[in-house]
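One chain comes next, on its own, written as structure tokens: the form predicted alone.
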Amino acid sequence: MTERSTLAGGAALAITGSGGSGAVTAGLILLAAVGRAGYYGLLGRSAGPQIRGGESAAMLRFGPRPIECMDDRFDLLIGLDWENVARFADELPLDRSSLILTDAQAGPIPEILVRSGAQVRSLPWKALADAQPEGRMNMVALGMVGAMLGLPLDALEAGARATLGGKGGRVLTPALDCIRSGYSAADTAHVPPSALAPPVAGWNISGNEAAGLGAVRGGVRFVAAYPITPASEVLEWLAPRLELLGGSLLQAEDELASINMIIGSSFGGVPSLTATSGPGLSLMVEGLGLAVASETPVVVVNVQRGGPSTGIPTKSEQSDLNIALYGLHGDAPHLVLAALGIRDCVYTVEWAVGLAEHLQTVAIVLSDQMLGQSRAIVDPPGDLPFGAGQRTPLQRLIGNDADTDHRRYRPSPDGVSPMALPGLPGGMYTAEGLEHGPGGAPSSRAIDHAEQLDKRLHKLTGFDYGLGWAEIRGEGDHLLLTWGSSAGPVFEAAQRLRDSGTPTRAIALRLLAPLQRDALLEAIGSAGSILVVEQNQTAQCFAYLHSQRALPLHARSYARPGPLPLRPAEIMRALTDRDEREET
């Protein structure tokens, strides 16, 4: 292990093991420990195709500054055992500077890992665990690795209490004993001493939890959903908290029911949301069309996974952009947003709720498995860090006064018309999927259809979204353009390029529809080299931006599918290699 991997500069490590070995549990404790020691961190996980059980890996990167993506390689690989690890070995990049730690009793290291040239150290984890009552090898390994990294023992113990405290003393006490045993047995002579960073009051939160927090901060008080990987944790986090806030969560029988339930709840005046993944979103699109036509605000958080069909439920991919943009039949303008990171899930979902409520429309928020099921130590999220538009806070325009001539869908200068709540005298109106006139009565007249189409479109395209449409970092003639979860590796790639003397800007799109074309073109300016980065096979965002005439003709695409995460070094190569070829 090199000095680069000591605590002072941060480290990237992975813990692997078969089902029941506790690899993910050890990773969760280690993330909590680095947070207690005053560091930022990011914990991802990889599982086999069986969704629950079976082999798994916890992948952790930490350091003194916010961590937005995994590194290009791992400094440490902790192999609790090697059962079926070859299934995701390509997600564990190692090189000759890496160190594999294992127990000789775990068996031979798979050849695919040996070929990396990584150094190997065998450690007596099982023997130390067997010496403890109810001893667990993963906890011994955790203690030893924590000592080697320079983590304080009290931080490891605090991490174990935070992670295992709910399981009671029968689990926590032997875990603490094993951590202490591994810590005291560690050989730390080869590790340079490291100074602890100034403490940060960090939150330990996953992207799915952050999305749930954004929902309640935005005012959501009713959720109906059907569980689906990898979105279920949004619902698990929301269920008890909505109840404390006077709201409720209902598990529907399927996704068709859930979308219709939240439309009904929203019609009744309660801000409503559902969470799903690609297959569920496919089932919801007819209901979403009803919400657009009836101008009923709803929010769908879509935690993307590898597709199509059942695809790869436990892996990440940005391949639902097309269905989010175009999946609704007819001319059905709606909002599409994408969270740029775990902490940004709070802001993006909160903003989406406000926009949907104020503009009385559908908002689809794109997250993905990497964001949703990864955990991070982040700065506590404060107020929205970008302009929230013309109206702060964004909220629904309610028709409170009885109106003998109430016309729910009467055109207005900004396209938004008052929405009467059920039971308001004189406020009754028809809200359905048939085209209608200003009063809501069904109509097939061309003049009514054109008027309502214009109304539904103008209220979205004419709204001032402020600065929230994108996050822009850096300066330079080179430009990396991306959206959603690809922002993390893109931001780091741009920073590395700037540090190496290649001035590079990065733009990450948060609001994809309606696209802020003029603002984007202004931000692109006269950039000489433009690379659009995304994690799907068919360059969906690249094609969309060209369809909107929002890209210069010399812009290029770097798109590849999951399940392997995008890494900063490959993005740097994609930008600079092509530039060098064009120069020659």
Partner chain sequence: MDTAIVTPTLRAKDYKSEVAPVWCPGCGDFAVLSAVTKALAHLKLAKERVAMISGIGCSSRLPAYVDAYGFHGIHGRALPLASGLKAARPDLTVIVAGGDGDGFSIGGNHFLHACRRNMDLTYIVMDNEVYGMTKGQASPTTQPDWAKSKLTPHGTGMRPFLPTAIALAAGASFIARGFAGDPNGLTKLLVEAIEHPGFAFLQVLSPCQTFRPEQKEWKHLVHPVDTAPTDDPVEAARFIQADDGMALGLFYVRRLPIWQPQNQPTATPADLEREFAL
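This one's a predicted model, so the numbers in the text were calculated from it and none came from an experiment. Positions refer to the first chain, counted from 1.
Just so you know, the form predicted in complex with its partner chain exists too; it's not on screen, but the next bit is about it.
Original post:
Pick from Lys459, Arg217, Lys315, Arg136: which residue has any heavy atom within 4.5 angstroms of its partner chain in the model of the complex?
Top reply: Spelling it out, the residue with a heavy atom inside the cut-off is Arg217.
Original post:
Given that its partner chain is left out here, which of Asp331, Asp254, Asp405, Glu475 has a heavy atom within 4.5 Å of it in the model of the complex?
Top reply: Looking at Asp331, Asp254, Asp405, Glu475 one by one, just Asp254 meets the 4.5 Å heavy-atom criterion.
Original post:
263-271, 507-515, 116-124, 460-468: which one contacts its partner chain in the model of the complex at 4.5 Å, heavy atom to heavy atom?
Top reply: Of the options, only 263-271 has residues within 4.5 Å of the partner.
Original post:
Is Phe222 one of the residues lying within 4.5 Å of its partner chain in the model of the complex, judged by heavy atom distances?
Top reply: Heavy-atom contact with its partner chain at 4.5 Å: present for Phe222.
**OP:** Find out whether any non-hydrogen atom of Gly306 is located within 4.5 angstroms of its partner chain in the model of the complex, and reply yes or no.
**Re:** No, no contact at 4.5 Å.
Original post:
Contact between Gly247 and its partner chain in the model of the complex at 4.5 Å, heavy atoms?
Top reply: Judged by the heavy-atom cut-off of 4.5 Å, Gly247 is in contact with its partner chain in the model of the complex.
Original post:
Do Pro438 and its partner chain share at least one heavy atom pair within 4.5 Å in the model of the complex?
Top reply: Pro438: no contact with its partner chain in the model of the complex.
Original post:
Even though its partner chain is not shown here, does it sit in the model of the complex so that Ile205, Gly423 and Thr430 each have a heavy atom within 4.5 Å?
Top reply: Judged in the model of the complex, Ile205, Gly423 and Thr430 all sit within 4.5 Å of its partner chain.
**OP:** For the heavy atom contacts within 4.5 Å of its partner chain in the model of the complex, list the residues of 287-303 involved, in sequence order.
**Re:** The stretch touches the partner through Gly287, Leu290, Ser294, Thr296.
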